[in-house]
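Given next, in structure tokens, is a single chain: the form predicted on its own.
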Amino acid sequence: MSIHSNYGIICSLMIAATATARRTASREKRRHQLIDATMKCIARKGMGSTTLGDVAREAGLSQGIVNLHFESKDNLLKETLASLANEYREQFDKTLHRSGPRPADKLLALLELDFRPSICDRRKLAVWFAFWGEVKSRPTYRRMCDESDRYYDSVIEGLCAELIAEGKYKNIDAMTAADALSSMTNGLWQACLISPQTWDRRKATNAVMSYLRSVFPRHYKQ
């Protein structure tokens, strides 16, 4: 086989690989576009009222494209929940590993993360609460939410246990402190969703900080 023939084969393979990469990128872009449109529709209309047609119109695409990528509304909703959960998990893990070696710093950074604009966003919160409202009747949603919650709760509880051991705190256990912090965050998220005119990001963060100071005063001073 000549050098020119080899060169032609290599060029053909490179062109084919490039075309495949472009199709894959285009497919992922479309899926992301449709998931984003789904979140907008759920935030505006609720989960039950959102149709594949609504999602297609919001995305500026045909309903056939939605069917091509997801086949059904149920698949689209599961992918939307997975996308939202993965986005939060990614930011959670990055924050956990970048916040320094001290458990007090890690815990504070993770709690502050929950009130960043990228997380504490009314559209995203509306979607989260919509899915949480369905977990009793939808085992798939319950399993996905439970898996995420168990991971986050275990991390927060572990950090609280380290603080209790370091500070020799009495009359408080790690699970109770972690549950209280989780309940505060959920309540403040709900307030952000329901009362955006009066909700204040700084005050929400300060409320959590006040709890940390009351439970772990040797680690979080005024």
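All figures in this text were calculated on a predicted structure; none of them were measured in a lab. Numbers follow the displayed sequence, beginning with 1.
Another form, the form predicted together with another copy of the chain, is not on view; read the next lines as being about it.
Proximity to another copy of the chain in the predicted complex holds for all of G133, C145 and S195, with the criterion being a heavy atom within 4.5 Å.
Think of it this way: in the predicted complex, another copy of the chain has a heavy atom of just one of I65, A161, A59, I172 within 4.5 Å, and the residue is I172.
The single contact residue among A126, L96, A104, L113, judged by any heavy atom lying within 4.5 Å of another copy of the chain in the predicted complex, is A126.
When another copy of the chain is considered in the predicted complex, L52 lies well away from it, no heavy atom lying within 4.5 Å. Interface membership of R44, defined by any non-hydrogen atom within 4.5 Å of another copy of the chain in the predicted complex, is confirmed. Using a 4.5 angstroms threshold between heavy atoms, D179 counts as touching another copy of the chain in the predicted complex.
Another copy of the chain is not drawn, but in the predicted complex it has a heavy atom within 4.5 Å of M184.
Shown here without another copy of the chain, the chain has P196, Q197, T198, W199, K203, N206, A207, S210, Y211, S214, V215 in 196-222 lying with a heavy atom within 4.5 Å of that partner in the predicted complex.
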